[in-house]
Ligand SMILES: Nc1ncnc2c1ncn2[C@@H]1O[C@H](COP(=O)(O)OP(=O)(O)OP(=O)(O)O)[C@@H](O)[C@H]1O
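What follows is a single chain, given as structure tokens, in the form predicted alone.
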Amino acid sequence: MAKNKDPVNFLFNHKPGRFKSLEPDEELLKLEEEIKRRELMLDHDVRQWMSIAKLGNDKNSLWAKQQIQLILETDRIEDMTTGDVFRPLAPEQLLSQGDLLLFNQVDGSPWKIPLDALTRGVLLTGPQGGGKTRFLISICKQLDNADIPFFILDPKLGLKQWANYLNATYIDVDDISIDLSPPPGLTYEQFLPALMPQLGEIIGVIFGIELLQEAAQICIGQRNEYIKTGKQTEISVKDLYDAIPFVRNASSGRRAGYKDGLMTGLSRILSGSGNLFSCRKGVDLATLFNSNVILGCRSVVDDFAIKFLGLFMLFWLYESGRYSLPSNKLRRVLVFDDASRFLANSAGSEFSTKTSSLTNIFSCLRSSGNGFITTTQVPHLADPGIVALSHTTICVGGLHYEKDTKTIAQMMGLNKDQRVAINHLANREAIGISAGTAWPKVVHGHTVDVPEVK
């Protein structure tokens, strides 16, 4: 029997009893229930002892139960000594089901998910200085190594210094313009009218869409006449603004009020973004989206302007891939480094508490192989549709505002003690959950180190 003290050898050497009672073993059922609750069923030794407890003779079964009780007692003691409300820890084998390293669990086990999981959306939150930027750097570096292009909208210039490290091109919006030209394969007649409801939603003039559509048709007509001369041009937001005064029957009544609202909203987009939307020949978005690009947007100061920038980027991709075959294979990743500004509902509109058209756009883009990472310090202000579509949620550092902790607790399914613990996470200390992956519960750990950039 000495050699049977090794559970591996013991499993193959023990002899089952001649007769096993058909009555349920209540003691073993209770042990099994706690094993499942503590997520220990995947532990190799536990599985061996459970097999012996179920199939062995009375003496061997008793011995196996004692070994299981020792394992459970050790786990209980660790609960008390660590005070970690996010236990039980995930089994190492379930954290290694992928190629993208998110962070390391508190026991040092790397937490990896499949790259393609990014098509289901990532919401990254945490306080200023908590470690969100370093987390993004580690993710984007892995994307570069995997030849997956990423496009980052950076409103605070926090990522500019990392451009070389990430093999990315840094572009300041002060140095470029973005026209309203359609994606390859589409015409202005197809693309521009479809964009107008999105633009009207951004500036909060949903009942003035008809005027926007008429202004768009004026711009299309003027462009068609211009290209008959043999020259080429595109259409800009400034052209829409200039065309609105020429819309018919908009000088009195409700249409006059709608016209004034449109003029005000468009002027905010133009004045709050420098020359970004004023020029007729802009950058090639098809090239940008297929390269590693960090777009510095610090000079875009107006809320309408920054929301339209984010929405136009998404809508352009949406229209370019709307008729392509569905795919869960990751093609590119878009990073919005302030979801509460780029992807928030328009304050003051009647839809401010509801999901916006962004929800439908995100759904379509996800099915065409686009991954998204949205970061915010105030998750409760992000568009609820975007939050709902973010199947991977990461919190780095402690949140303190009640609405924010409530949002994260609901997304992660946290209990009361875990919700309180969100307030006390240290810098680079992280919790996260990734629905649909091998381990569907909360992981607790620390983000990985990235080198200092000089």
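These numbers come from a predicted model, not from an experiment. All residue numbers are counted from 1 along the displayed sequence.
Here the subject shifts to the form predicted together with the named molecule, a form of this protein not shown in this document.
- When the named molecule is considered in the predicted bound form, residue 132 lines it closely, a heavy atom lying within 4.5 Å.
- Among heavy atoms of residue 204, none comes within 4.5 Å of the named molecule in the predicted bound form.
- At least one heavy atom of residue 156 is located within 4.5 Å of the named molecule in the predicted bound form.
- The shortest heavy atom separation between residue 338 and the named molecule in the predicted bound form is within 4.5 Å.
- Residues placing heavy atoms within 4.5 Å of the named molecule in the predicted bound form fall in a single listed stretch, namely 132-140, out of 132-140, 322-330, 228-236, 275-283.
- Annotated contacts: 84, 410 and 419 are all free of the named molecule in the predicted bound form [non-hydrogen atom within 4.5 angstroms].
- Of the listed positions (149, 182, 98, 127), a single one reaches within 4.5 angstroms of the named molecule by any non-hydrogen atom in the predicted bound form, namely 127.
- Checking 357, 292, 377, 217 against the named molecule in the predicted bound form, a heavy atom within 4.5 Å turns up for just one residue: 377.
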